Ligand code: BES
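To begin, one chain is listed below as structure tokens, in the form predicted on its own.
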């Protein structure tokens, strides 16, 4: 999609025009000039009030030409932030594609960089579809919105929004790919190809090197599969001196059967999305390589399949992780945290000041927060609160959960090893985060996002389609960019 800032005259443009308006607020209608009264009368018939996530389409016959107008509600002016513009843009893009509109002109009022960025993101995210395996495309999805012209938009905001949204869509594509297409080896190859394309450093460790480094946690989870695990380390370095050095770590289970504690069919059905954290790392590194911030960024993930076989790891096994701590396996379906133990240990040896990890880690987090909000856990409240504040702008919902319950922490210490890989059903998202914290190096600020809910949506809404969301990409990239602004 080509998105440009363009000042245009609504009275002479013959292609469809879109207008963003606030609830019960007619100011933006003034842009239509002599067409204002006619459009407003048609909207009254439609009982359109400008409420958030509302959209109306009206048509006029002018000088023998049919003129089409899309009017999208932003809700109350005093409450409409960046996400309202992003949502409105996503809904508009979806409707335009459904109506086979290829070229669209948009007026959204006075726009700054942030709002221009949000509109761009919404349009690109709302236009996303994953249909590469359909031999016959659905008619309504065969069209595309090729050109969007935004009146008075900020060019830098458009540029930034395009990179962020395309990185998120890249992540969505990877997560949506099934396990027979993306496995640990092919995911590592994607990292290598991406690094070559964008000039990143990339090192992939095979199953032999994984064991030689002492990553027996990752190795144990992956050894039950016919496809061996891989460990990936990507690096972006700025041209000048780095202002900060951080690591982004992702969970990369390309498929999770549950292992010997095998999942039931219903719970196994969507487990291609268990690599969403690792795929987000790839999307983040793609965006960072283009935006070139002043921060040194390390993208890290271990890729494995958790499968049952004669070689699979077992309940009661005791495994030593890279940092020397031992893990007793209570449940082989709590495998993500086991792979992350080695990834976090590895990241902690790189001299980074901060680590952000993302993982589709626990069903317990979905029970606590629902399908649309990720859990945030941290060992540094200031760091965690920065990410939380930023997520309110990006629209990627996060909610902070506590890490100070000593009785819960005791549950992962009851066993024959240093740690149990499961603390039981109650407080499961918290005990999983406590487990991960044991592998974060001393003095390193750390945020863990449990993205089990919002990584994959079962139904379309807002600027999302059914399937992978690419959750976490924009928030993490925006955080890295903010470091350079301080």
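Model, not experiment: these values are computed from the prediction. Numbering follows the first chain given and starts at 1.
Although not depicted, the form predicted together with the ligand is the subject of the following passage.
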item	value
Partner-proximal stretch of 361 to 369, 348 to 356, 213 to 221, 380 to 388 relative to the ligand in the model of the complex, 4.5 angstroms, heavy atom	361 to 369
Contact flag, residue 251 vs the ligand in the model of the complex, heavy atom cut 4.5 Å	yes
Interface membership of residue 333, the ligand in the model of the complex, 4.5 Å heavy atom rule	yes
4.5 Å heavy atom contact, residue 272 to the ligand in the model of the complex	no
4.5 Å heavy atom contact, residue 76 to the ligand in the model of the complex	no
Sole residue of 286, 337, 94, 86 within 4.5 Å of the ligand in the model of the complex, by heavy atom	337
Listed residue (447, 434, 452, 419) with a non-hydrogen atom within 4.5 angstroms of the ligand in the model of the complex	452
